[in-house]
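One chain follows as structure tokens, the form predicted alone.
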């Protein structure tokens, strides 16, 4: 028996999936979730084999929800928007259903996911998306998991970001948060008029800059208003000059 969850904020969309699943006696729906917060909790508690996942939902998106999971089930995305297809397949999704879809198209998706499960094909690894997806819009927030709590970090609260091996440490007005994501991804997706890659290990929010001083030949220190200092390379200094127009 394949254990499944349905994560979608639209009751009608959930009903359609349940109706189509009536013809698949080997799939059991363990629970329905109206948003990503409920989805994370249900996935961690119920450990499903498969999730039917909407992308645009209140609070956090489907992709943001995936970032918060330690282990990923197989995924069939279902959404009314076709501009997320590339990102979905880079996440190794079993299939991508564009609403409204027919029963026949739904059955094709079920066949694909069953082949993955029966063939023991690897489940989704969200890191693939964050490392290689370069076509999505600029981000306007960062979602992190801190213990059992999910934090949505507004960009205006971020002072700077520091590389920490496979993670980044996000320094905010509310404290520090670790997130498994690359500096390269953040550099490409944070607003470039506000965030500057000052060094291979640092990204700074220009709103928190107090002053810049030379540290040694071709390297500088950036002093922030709250007293922290971060490194600035020669290329980082050039980027700062461009953004700050000095």
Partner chain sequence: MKHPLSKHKAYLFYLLVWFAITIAHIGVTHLYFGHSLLASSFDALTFNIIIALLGYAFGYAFYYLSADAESINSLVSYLALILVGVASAYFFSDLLLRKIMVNDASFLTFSMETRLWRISAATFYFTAILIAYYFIQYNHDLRNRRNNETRLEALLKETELDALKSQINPHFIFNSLNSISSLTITNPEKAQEMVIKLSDFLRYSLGNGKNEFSSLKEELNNISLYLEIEKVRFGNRLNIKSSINDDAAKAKLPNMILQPLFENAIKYGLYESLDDVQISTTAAIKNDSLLITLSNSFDPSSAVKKGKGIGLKNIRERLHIYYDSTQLLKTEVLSDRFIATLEIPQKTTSK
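What you see is a predicted model; the values in this text were computed from it and never measured. Numbering follows the first chain given and starts at 1.
As for the form predicted together with the partner chain, it is not shown, yet the points below apply to it.
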| Pick from 41, 194, 59, 189: which has a non-hydrogen atom within 4.5 Å of the partner chain in the predicted complex? | 59
| Between the options 145, 72, 116, 141, which residue brings a heavy atom to within 4.5 Å of the partner chain in the predicted complex? | 141
| query | Using 4.5 Å between non-hydrogen atoms, is residue 16 touching the partner chain in the predicted complex? | reply | yes
| message | I'd like to know if residue 167 sits close to the partner chain in the predicted complex, meaning any non-hydrogen atom pair within 4.5 angstroms. | response | no
| in the predicted complex, residue 112 touching the partner chain (heavy atom, 4.5 Å) | no
| said: Although the partner isn't part of this model, could you tell me whether residue 159 comes within 4.5 Å of the partner chain in the predicted complex, counting any heavy atom of the residue? | reply: no
| Partner-facing stretch of 179 to 187, 200 to 208, 50 to 58, 24 to 32, counted where any non-hydrogen atom is within 4.5 angstroms of the partner chain in the predicted complex | 50 to 58
| task | Can you tell me which bits of 1 to 29 touch the partner chain in the predicted complex, meaning any heavy atom within 4.5 Å? | result | 9, 10, 11, 12, 13, 15, 16, 19, 20
